[in-house]
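Shown here is one chain on its own, the form predicted on its own, set out as structure tokens.
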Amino acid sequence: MANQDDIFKNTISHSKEYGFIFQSSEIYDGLSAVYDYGQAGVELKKNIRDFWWKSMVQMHQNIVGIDAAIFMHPTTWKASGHADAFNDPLIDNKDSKKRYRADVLIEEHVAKIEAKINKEVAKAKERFNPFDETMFRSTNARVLENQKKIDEINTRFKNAMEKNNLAEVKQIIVDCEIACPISGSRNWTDVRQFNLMFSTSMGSVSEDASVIYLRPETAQGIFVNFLNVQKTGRMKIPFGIAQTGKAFRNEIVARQFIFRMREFEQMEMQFFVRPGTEMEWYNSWKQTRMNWHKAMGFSESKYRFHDHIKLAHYANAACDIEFEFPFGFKELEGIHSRTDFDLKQHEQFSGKKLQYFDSELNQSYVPYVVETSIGLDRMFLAILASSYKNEKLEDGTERVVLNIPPFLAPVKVAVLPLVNKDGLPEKANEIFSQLKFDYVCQMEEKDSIGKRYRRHDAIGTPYCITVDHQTIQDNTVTIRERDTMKQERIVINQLATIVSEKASMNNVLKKL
């Protein structure tokens, strides 16, 4: 675990050193849980967003996009339930004076028990060949005992949250003997609910100003525009509306770098379906979204589905796609069957009908909704943390490299004149000018060629092209591949084809 902690700390340090992420307002000692994306980070973030948008909107005939405003009429949040029920259960440790989310403390305790089960399974795999894991989990006494503990905790927690029984939530923490990670004590306060929405005022005079909220999610902007999009786009059920944009939550326990922030970006799609077909579409979107994640090229063992124990007030089914971050498996994307809750709520609070006339059934109804919602910043962190490598080379030296999927890399090509004279910079500039229309490229002349290779390894550049004196003679260059460090001599007019093979987003989209 310490090794994973070190990797995470090194990733955070690396992200600042190479222009991916900076602490917001750092010259004023920073703003907690708020971050700025630097010159490398903004390109990676844009590429992730583009990949999601193209796969979600451009590749589907029945999904369109919108860009709703951050500010919305305050009644929106009464209708959605956020004004009254968008809370986190918080608990303080009296000795460390630190505040924690009660549900996270319980989840982490359950994860430790799960780790014991996985350890038993791993030990058995080493001892027995062949090995039937299903049989082992259903018969081994220690596994069964630990699984019983997990089931009991999960059941108690689910019932407590559904009944808003905060005393029972605290009792679970007490019964599980959960200690504060800092003080080590179990001296807890009562559990309290805390609303996560930021509020501000709208109006020219403070006395006449009305309270409005910074949106805590982007989904409601889609729901209130349902009929606008459906009618103007002549959309037929089933169809989807997608949106990317900023959301804001007053996270009291914000931690783990950009995993949990107060200002973040979401990529959401609401898919409107005929009532009674929602579970079919729910299962379909689960697999579609998992395929999207696996297209990144990371190990499939880093992903898993996790069904929700406690369903949100609007859902009849929900699961997360979890990713193995350096600090464990955590939510990366949520897939939810939201029923017709949102549209019906907005019907009630607005007094406007939000129904769809189905010509096949010759009747009107409020559609059901299947949602896919992914945090762009979390996706960024997943890619950055999984790509960070500190490699020992055959010559005894080391290099830090980001094995970012080439089609997402911030810079696709670095053009490097071997020396800053003899016409090499001019030739390098010609190559840069040819490639810049299709790819983000950099031309770099300072320092030795080895140091320049290392810098581009560190930001994840898939290809480095070296222009040397032979280039002037025969129009060939050396192309170096980031992951293998292999170098090949090719003619200049082959460059676009070679880069496109790995760095083109379209090639990945075609495989989805």
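All residue numbers refer to positions in the sequence shown, first residue = 1. For clarity, every value in this text was computed on a predicted model and none was experimentally measured.
If you look for the form predicted in complex with ligand GAP, you will not find it shown, but the lines that follow are about it.
Asks: I'd like to know whether Gly334 contacts ligand GAP in the predicted complex, with contact meaning heavy atoms within 4.5 angstroms.
Replies: Because a heavy atom of Gly334 falls inside 4.5 Å of ligand GAP in the predicted complex, the answer is yes.
Asks: Quick one: is Arg260 in contact with ligand GAP in the predicted complex, heavy atoms, 4.5 Å cut-off?
Replies: Heavy-atom contact with ligand GAP at 4.5 Å: present for Arg260.
Asks: State yes or no: in the predicted complex, is some non-hydrogen atom of Glu278 no more than 4.5 angstroms from a non-hydrogen atom of ligand GAP?
Replies: No, Glu278 stays farther than 4.5 Å from ligand GAP in the predicted complex.
Asks: Verify the contact flag for Phe264: yes if a non-hydrogen atom of it lies within 4.5 Å of a non-hydrogen atom of ligand GAP in the predicted complex, no if not.
Replies: Although ligand GAP is absent here, Phe264 would touch it in the predicted complex, with heavy atoms inside 4.5 Å.
Asks: Please tell me which of Asp92, Glu322, Glu217, Glu120 lies within 4.5 Å of ligand GAP in the predicted complex, judged by heavy atoms.
Replies: In short, Glu217.
Asks: Given that ligand GAP is left out here, which of Ala160, Ile374, Leu105, Ile383 has a heavy atom within 4.5 Å of it in the predicted complex?
Replies: Of the listed residues, the single hit is Ile374.
Asks: Report the stretch among 131-139, 420-428, 179-187, 265-273 that approaches ligand GAP in the predicted complex to within 4.5 Å, counting heavy atoms only.
Replies: Stretch 265-273 is the one.
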